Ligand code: CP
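To begin, one chain is listed below as structure tokens, in the form predicted alone.
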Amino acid sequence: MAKSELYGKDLICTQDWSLEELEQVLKLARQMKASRFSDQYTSLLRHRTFLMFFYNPSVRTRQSFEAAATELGGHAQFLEPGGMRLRTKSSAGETIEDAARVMSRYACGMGIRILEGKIEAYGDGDELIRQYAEQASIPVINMADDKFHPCQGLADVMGMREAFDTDSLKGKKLLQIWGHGALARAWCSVQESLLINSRLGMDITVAYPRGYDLDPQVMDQVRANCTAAGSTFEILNDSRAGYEGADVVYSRNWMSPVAYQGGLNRQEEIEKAMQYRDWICDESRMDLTNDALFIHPMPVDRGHEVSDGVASGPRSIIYDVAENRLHVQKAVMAQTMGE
């Protein structure tokens, strides 16, 4: 099998890839899902190692990447910074340049996950991954940073297309709405969803209480994506209005910009968020929609972000999306690392 045109390419944010490249991955992910253990795919990473570098813990991300490497015939190796002598602002150690170049001699690819709690300021996680990508000679995959989560965005798209039985989401309305909760979540999954779906022609409505604005540069890009795709974009500060006519509802908590100023105070963020109890996706709000799908990257904060009746209801595709993380990651790994 010949190398893909994507061979050696980093995936840090879907915005960095062309729509044609994203569609190439989504097409292969559908084929891999339909023929999951076919001999056609089970040797693409034979005898090859994928390094998984986790600054933050994970459930689905680690499981899905390990399973993906195994199903492609390779091996995923789990790494933590605490087990490595890496330089930090307060201690001596190996530089990113040296670490990335050595790792490139051992493996065919590297994934990095770094979120709030492991960074000092918003954007530091994304910058660290880009520094590794600059120094490494193997492809680097963003397994979630403080700004973006490309594999989650691809899995969301795959799940929606399957549920609607269509290859196009153009003209569908996505409501990306804040939900109160006790988890103080990063912006990455939400911002990735807005970026990729605005490029695919979805009409975008973002709703959140005042004071919970997302990254203004990302929002400007989402607005520009909608303009280029001929779709609509609006921001609301109402907990119900955005549901009218929605085809997809994505209710998720995210931190306020204040959380990134002067260090993260997670408990303070949680206490503030819990005051907005009207911001929950429940059956009465879903009744206002166009029989909308419910999606969420998980873990779901049930009873806060969304009611049990919606999260486990017939229009919820949360488990399909979670499964699709495996398939899109297999497709990305095969295209960027395999032959």
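We number the residues from 1 along the sequence you see. Predicted model only: the values in this text are computed from it and were never measured.
Keep in mind that the form predicted in complex with the ligand is not shown, yet the notes after this line are about it.
Exactly one listed residue, out of Thr49, Ser307, Gln31, Ser58, brings a non-hydrogen atom to within 4.5 Å of the ligand in the model of the complex: Ser58. Checking Gln152, Asn197, Asn142, Gln176 against the ligand in the model of the complex, a heavy atom within 4.5 Å turns up for just one residue: Gln152.
In the model of the complex, at least one heavy atom of Arg113 sits within 4.5 Å of a heavy atom of the ligand.
Contact annotation: His327 falls outside 4.5 Å of the ligand in the model of the complex, judged by heavy atom distances.
Although the partner is absent from this view, Met298 contacts the ligand in the model of the complex, with a non-hydrogen atom inside 4.5 angstroms. Screening 307-315, 37-45, 276-284, 290-298 for residues having heavy atoms within 4.5 Å of the ligand in the model of the complex returns a single hit, 290-298.
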